[in-house]
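Heads up, the chain below is alone and in the form predicted on its own; it's given as structure tokens.
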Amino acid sequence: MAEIGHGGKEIVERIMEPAQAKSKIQNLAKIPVRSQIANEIIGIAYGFFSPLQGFMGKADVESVCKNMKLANGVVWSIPILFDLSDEEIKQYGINKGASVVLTYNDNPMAIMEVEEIFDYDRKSMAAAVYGTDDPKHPGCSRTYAYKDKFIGGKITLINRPKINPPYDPYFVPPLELRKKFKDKGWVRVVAHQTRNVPHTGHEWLMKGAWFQTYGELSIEKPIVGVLVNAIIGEKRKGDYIDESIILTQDELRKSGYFGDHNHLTTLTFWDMRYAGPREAVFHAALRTNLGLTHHMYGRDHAGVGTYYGPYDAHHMLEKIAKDLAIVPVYSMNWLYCPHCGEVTSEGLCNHKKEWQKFSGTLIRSIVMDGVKPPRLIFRPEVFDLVMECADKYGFGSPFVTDDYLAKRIPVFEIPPM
């Protein structure tokens, strides 16, 4: 039976076995790609980005920028692009109608069918997607760094990525993940989008969303789950290291704050664009493909700096709810109230003058100090694991440093064919 994903389209894995591919790639031009493109090849090939079957052509890019839809009318919010310089196009002899091999770290990864070579104004693209053309916005900066031309066309993965420890148990493609949900008996699953280690505010964000998602269903047996889908991609100095993100999220289950009956952690390869409302829409499409029925959205979802209002993502999703196959679950801030003596929501507690919010700066300073905080801020098992990851994977720091960027074990590799 077909598995239906975003836009009502069947999820199809675009994967060819290496033995079959070897004869097809012998005489094809081989083009090296950077990590962002490799991440997106995986996203397309395994169906994370369904209904996309390749990198976008100009008609799709134009429609996404202007209408937040693909040319076929399916809602889509962020262009997925493969860029090359004019010099590279000439060097590799790339022409419309040709097929080429995309390589990662010198090993063949995918075949691309070149359907289109085009250019697009980057400033207008940035303004449409991010609501600003300010080069200080990380998404705009990424857009301005694209090379001269864009290559549109279908891709087929010919060499599956080898996922390295400790990430390997957490890479679960859409078709496999949907089977896991069925095995668990979950009839509703709510997504928690994250790129952080979890403090108790995050934990209660998940628990609140779980209650909302359960709704009117019978409570006699567990039939609703929370999926933590951690975003693993390009790292900037000062980010949490990837190992600590994925392992501490799963530690909430292992230490019993959730259980196998209602909690699961996986990862998706994606370089955050920090597009605020538009990235919220992208997350809805992504998690629909993963088989989820609900998606939690907190304050300033996928935002950065002061570019977006705290609930802009909520308002955007409300406008297009009829075009989505996933139910948004909205949440206000979770915080600590010393008067209540507990973590609570600003939508519940009225001791406003006493509220202690989980600011990123505060949490980072706690982690940097290395002194175990009260369990109402960090679960002790989670904090201990953050410190362990710093020693084991982060060269002494739980945050990305120059050492980490230079020496870390890659999340995945493409093996020789």
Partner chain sequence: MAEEKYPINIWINEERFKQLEKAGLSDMCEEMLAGLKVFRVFANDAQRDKILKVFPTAKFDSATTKSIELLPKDVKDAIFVKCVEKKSMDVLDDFLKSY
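For clarity, every value in this text was computed on a predicted model and none was experimentally measured. Residue numbers count along the first chain shown, from 1.
If you look for the form predicted in complex with the partner chain, you will not find it shown, but the lines that follow are about it.
Engineer: Counting only non-hydrogen atoms, choose the one of 32-40, 45-53, 60-68, 372-380 that falls within 4.5 Å of the partner chain in the model of the complex.
Structural biologist: Contact criterion met by 372-380 only.
Engineer: In the model of the complex, which of the listed residues (L362, L348, M387, L28) lies with a heavy atom within 4.5 Å of the partner chain?
Structural biologist: For this set of options, the contacting one is L362.
Engineer: Is the gap between Y336 and the partner chain in the model of the complex 4.5 Å or less for some heavy atom pair?
Structural biologist: So Y336 counts as contacting the partner chain.
Engineer: Hey, in the model of the complex, does K357 get a heavy atom within 4.5 angstroms of the partner chain?
Structural biologist: Flag for K357 set to yes.
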